[in-house]
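In what follows, one protein chain appears twice in different forms, each by itself as structure tokens: structure 1 and structure 2.
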Structure 1
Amino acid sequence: MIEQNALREIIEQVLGEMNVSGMNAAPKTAQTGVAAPSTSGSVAVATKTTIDDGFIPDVTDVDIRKQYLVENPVNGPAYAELKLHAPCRLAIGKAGARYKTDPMLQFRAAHSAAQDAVFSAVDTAFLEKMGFFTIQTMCDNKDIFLTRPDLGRRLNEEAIKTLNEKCTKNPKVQIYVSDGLSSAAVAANVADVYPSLVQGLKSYGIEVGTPFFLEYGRVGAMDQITELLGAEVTCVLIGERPGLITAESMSAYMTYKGTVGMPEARRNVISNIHKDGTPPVEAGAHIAEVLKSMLDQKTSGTELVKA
């Protein structure tokens, strides 16, 4: 039988070799011959940290078509050429079977922009600057908006009252803006699209109704607005569901004498409006053309013959 002291010594030695610190069970580490950890190095002498001026490069500036993080590729140049054709997160290398740190952060940044675009509100100062007053659908908040598309297609009572009070009735063209699934799209594009659209219509001699902003709006809300204001043609500029490539994509949906419950095939859309898609200023002019065709042909949707 091993004696008490000998046993303690063995335990202490094992614990010492395991480098277990702060073990109350082995109070006499000095006896084992293993040096006690020095406290002075880790705590007392703090290394002085200096804060340098300057920026860490913006991870969202990276062109993912050109990024090549695979180490020692067998045929790098050939694959680098091939991957230029794919707007995907390729050749990102690996850390074990996981992502390297940079691409992981690039992905997180892209998703953060997408989330903020969906869940944040359009800046009221921006809307004031544009001269838009704000009305709401029957959704009281983002959560209801996201889970109840039916309510996002209907105006609340106050909105109906406000539109009746403030808007010119029976306009040739009614334009309004709505957040839809991306507030960032509104912020990024409307300041360019709206003026160029109005300018385009003016050059055709077409009058435009009173513009406004509809919060928590789905596309279908435009039909109730058309009926309420007696608009001949209606156009809503609305944020698209963001992807990771861009969170700022906007669409223009257009109808000729739209009605609540009409088939979707009677709607026209110009989508993918953002700086790397259809540029906002160009989009404004293009939308004006389509709206003019609607007025000329007195129809919209699949029946509309494109100019």
Structure 2
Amino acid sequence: MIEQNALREIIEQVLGEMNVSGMNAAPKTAQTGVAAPSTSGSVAVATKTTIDDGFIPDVTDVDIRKQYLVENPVNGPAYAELKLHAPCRLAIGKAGARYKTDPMLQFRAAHSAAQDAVFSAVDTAFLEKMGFFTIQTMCDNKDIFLTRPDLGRRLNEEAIKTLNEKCTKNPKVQIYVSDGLSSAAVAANVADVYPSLVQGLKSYGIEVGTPFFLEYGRVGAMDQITELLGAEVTCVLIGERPGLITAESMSAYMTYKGTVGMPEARRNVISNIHKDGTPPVEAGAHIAEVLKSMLDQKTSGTELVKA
């Protein structure tokens, strides 16, 4: 009898996990909690199970600035108020010597988002919608791009030919977009930054060159592009290296009459462009202001004086 009851429990558990119902169900006995034999003499299995609704809270929706998990803090409210000023993983509590489940899942989700941002490609449909044609550096794939930064600073022969055919020569300002180390940053910000930037430059009466997208691009590629197109000022909107706070941060690097091999001190950068940093629309207007200052002062980098 014990073996029969054990068998019934196993069958009930398996069918419950499979969400199987309606198979000769019979009431459970009060003593054993398993199904009572049916009147026909066959074994009837109870299939009453508690089925989860399938909803699992999204750990990425949590604002970690407002998350305070320390138990019995000395001065929790004061610490929580300090946390609001920076999105750091502080006061996340411990379960013994380990992290609690929620902070661990949030960390792993952020790490996965960062990896996806690096290894995924920018959607071609998005680029077509923005009106950007695509060229490529001397990197043929992501592996080469990540292991050979030098090749990410140089255009391949096809890219040089395409720019010569499609782009306006000697523009006052040449703007282009590049994936860099975060395709997610391009998808999240360019649709707002680029129109705002172009509108700002037009309000100053500054002409803008032909926009395009550079795949597998490093910041230094802007120097070869500047020389090739004869641009007075060049600006690249490029994905930043993703972190564990956001994988959608973008930067705008700018230079006045850049040349291949020039020192980095001749560049200016506006970074942390994302919804929780510098808002994209606001960033576009600010970039336009900096580009105008470069044209007015005919310099960039450490020599540029803020307007």
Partner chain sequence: MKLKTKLFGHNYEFKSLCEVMAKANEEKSGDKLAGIAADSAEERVAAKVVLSHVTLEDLRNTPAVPYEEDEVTRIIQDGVNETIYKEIKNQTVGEFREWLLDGTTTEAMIRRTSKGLTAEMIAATAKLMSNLDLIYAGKKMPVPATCNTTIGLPGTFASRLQPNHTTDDPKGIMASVMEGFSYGCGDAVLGLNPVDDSVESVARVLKEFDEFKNKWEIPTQISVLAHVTTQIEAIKKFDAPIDMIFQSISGSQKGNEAFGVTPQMLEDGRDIVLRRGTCTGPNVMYFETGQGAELSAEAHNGWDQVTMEARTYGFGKKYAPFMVNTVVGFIGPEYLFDGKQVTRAGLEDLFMGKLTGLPMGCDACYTNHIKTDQNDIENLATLLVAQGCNFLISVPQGDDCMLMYQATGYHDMPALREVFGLRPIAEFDCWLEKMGFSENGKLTPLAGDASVFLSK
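Everything numeric in this text was worked out from a predicted model, so none of it was measured. Each residue is numbered by where it sits in the sequence of structure 1, with counting from 1. Rigid core here is just the name for the largest C-alpha set that superposes within 1.5 Å across the two forms.
Only structure 2 comes from the form predicted on its own.
Once the rigid core is used as the reference frame, the Cα position of residue 128 differs between structures 1 and 2 by less than 2 Å. Relative to the superposed core, residue 281 shifts its CA atom by less than 2 Å between structures 1 and 2.
Residue 69 is among the residues whose C-alpha shifts by 2 Å or more between structures 1 and 2 once the rigid core is aligned. We note a C-alpha movement of 2.6 Å at residue 89 between structures 1 and 2, with the rigid core held in register. Its Cα shifted by 4.8 Å between structures 1 and 2, residue 79 is reported here after superposition on the rigid core.
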